[in-house]
Structures are given as structure tokens and as C-alpha cells.
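Listed next as C-alpha cells is one chain, alone, in the form predicted alone.
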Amino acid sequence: MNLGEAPVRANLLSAADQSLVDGVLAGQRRALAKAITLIESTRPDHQQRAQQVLNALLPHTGRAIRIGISGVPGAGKSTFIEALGVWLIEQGKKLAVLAVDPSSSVSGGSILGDKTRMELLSQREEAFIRPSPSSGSLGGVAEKSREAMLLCEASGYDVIIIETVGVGQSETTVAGMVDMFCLLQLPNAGDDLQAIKKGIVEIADMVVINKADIDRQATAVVRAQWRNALHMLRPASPHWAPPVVALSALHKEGIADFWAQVEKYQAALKPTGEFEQKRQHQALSWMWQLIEAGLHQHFRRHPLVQENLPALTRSVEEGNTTPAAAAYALLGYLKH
């Protein structure tokens, strides 16, 4: 984006939205929370305002390191993020955590318990924790997490962590929106490594064995297993071999070693241009996902589709019409 375009776009903002933009840029937590609430709204008028606010803030984004944290339930993701967050703050950094909670498929509600689990971190002024319901989006990753991440960057946060529910396809989804994807595992997982999908192993930029204090010997075994598994796969980048780090978040052991690997990752990829290329690819991929989602919504809302969909659905179920014929007929209504 041309930085010269920002003033033009800013002029489109109402006084209230300009005040919101100014508050976000000033690092005001309340303004940031209000801005995220605006982009999460499904109201069409709110969505239009949200995009104008995002456009005004876009020149101020991109300076943070974006880290994805995923792993099986019980791996200690929240404990690890809190220990890492407190350590980073002690190093003079500001941290934003976008913790995605599973939404109820019945009520649409979510637990939103991360602020409770990260009690120490939530009390720090240098930290911003935003639990967001997944609302049924792919893999439990909130649909608006990408935009929320940009808002946090514009508000001056140095590190953005996205924690996922760690189920389904959440790993691949979050890996497509962060700079570095870290997979948390347990030392007493035993043969569970065999059950981990190859695709998840391939997208891991770092594997973290948490709760290493429980069983040092088991930790050493699992660490070796992971190293072998990663060694047999072609790395995603020719400039980076994913390390396997063992630590204990509960006892604050190994946190500095973890962050040292994050800094090595940036040092390895930034000079080659691969770091920026990855972000560019992710932005284009997200654009196409939004286009596909928009087209799907447009299709569903088309009057002729709504009128004829029930009859064609029954016809396909009863075997009177092929799925392909019904699909072509419904798509044909979009031409009208």
C-alpha cells in the first residue's frame, strides 16, 4: 500500500471513527478493544466502518512478530503463553494475545476463559489479551483474528500470539496467518507421535515439548522422536530447520531458549526476503478466502436460488436430478 493514500482514506472517517483510529495509534487499550469489537460485528454498517478504520491503520501495521501457538488439550498452551508473556514484558516488549475459544454449536456462546487462566499476564499494562469466540469458523480460528492482529500491531504491540483450540484444522489455519508456527507437545505422549498428521508436522516452524519437568527421560525420548520426524521431511524453508525445544512453562524453565529460536528464525529468513514473501502470500490467500466466502453468501442470498433450492434439493435426494445438474441450474440463476 502507498503510504500517501492513508490521509485520503482517513478523510472518509467519521469523527467518532477518527477518534478510534487515534486512540489505537496512541496505544489506548480501550480504543483497541472497541476497534476489535467493531470488526467482529456482523452488521453491514459496522463492517463498512471497520474496513475504513483498518485502511487508515494499515500503514502502521507489520512491525510485530506474529507467532501461532497450537497443541493438544492439556499441553499447557495458556501456561506457556503467560510465562512467555511475562518474560517478554521483562525484556521491555509489549504483547498481545488473541486467544480463540471454541464456540458452542448450539448456543453460539464460548467459554472465554483465557483471561482467567492467564491471571498474572492479564494484570500487566504491557499485555493485551482478547479471547474471541470461533463462531464455527474453520478449525476454531476466529474469522476476524487476522484483522484483530493488524489492529494490535497498529497499537504498538511488539509480539502478537494467536492461540488456537488445537483441534481439527486449526493448526493449518493459524499457520497461514503467522510468521512462525509453534506446536506444543507433552513429554509423556508415548506413541501419540505416530498419530500426528504429516501435514501438521510439515507446517511446524518449531516444536515445543512443554512440562519437561514431569519426566526428563521421557522428554529426551520424545524430543529425539520429533527431531527424527522433522529430519525425514523436506523443510518448508531451505534456510530453516525446525528445532525441538524442551521447557517447563510452570517453572519458567527454557523460556529464554525458546525466544532465542524465534530470533534465530527471523535472522535466517529476513535477509533472504522469504519472511516478507511469506506475509505477502498469506495476504493474497486471505483475500481469496474472503472472495470465496463473499461469493458463497451472495449465492445463498440470491432470490432465485432461495426460491428454487428446496425443490432441487429434494430432487437430488430422491435421485431425480444429478448433483451436477442441480448445481449448474442453481449457479445459472446468478446470471439473472
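Every value quoted in this text rests on a predicted model; they were computed, and no experiment measured them. All residue numbers refer to positions in the sequence shown, first residue = 1.
We do not show the form predicted in complex with a small molecule, though everything after this point is about it.
- V222 falls outside the set of residues with a heavy atom inside 4.5 Å of the small molecule in the predicted bound form.
- Although the partner is absent here, N210 is a contact residue: one of its heavy atoms lies within 4.5 angstroms of the small molecule in the predicted bound form.
- Contact check for S122: no non-hydrogen atom falls within 4.5 Å of the small molecule in the predicted bound form.
- Contact annotation for A249: at least one heavy atom lies within 4.5 Å of the small molecule in the predicted bound form.
- None of G176, P243, G254, G76 but one reaches within 4.5 angstroms of the small molecule in the predicted bound form through a heavy atom, and that residue is G76.
- Comment: the small molecule is not present in this chain, but in the predicted bound form one of V72, I200, L233, A260 has a heavy atom within 4.5 Å of it, namely V72.
- Residues placing heavy atoms within 4.5 Å of the small molecule in the predicted bound form fall in a single listed stretch, namely 77-85, out of 77-85, 153-161, 234-242, 92-100.
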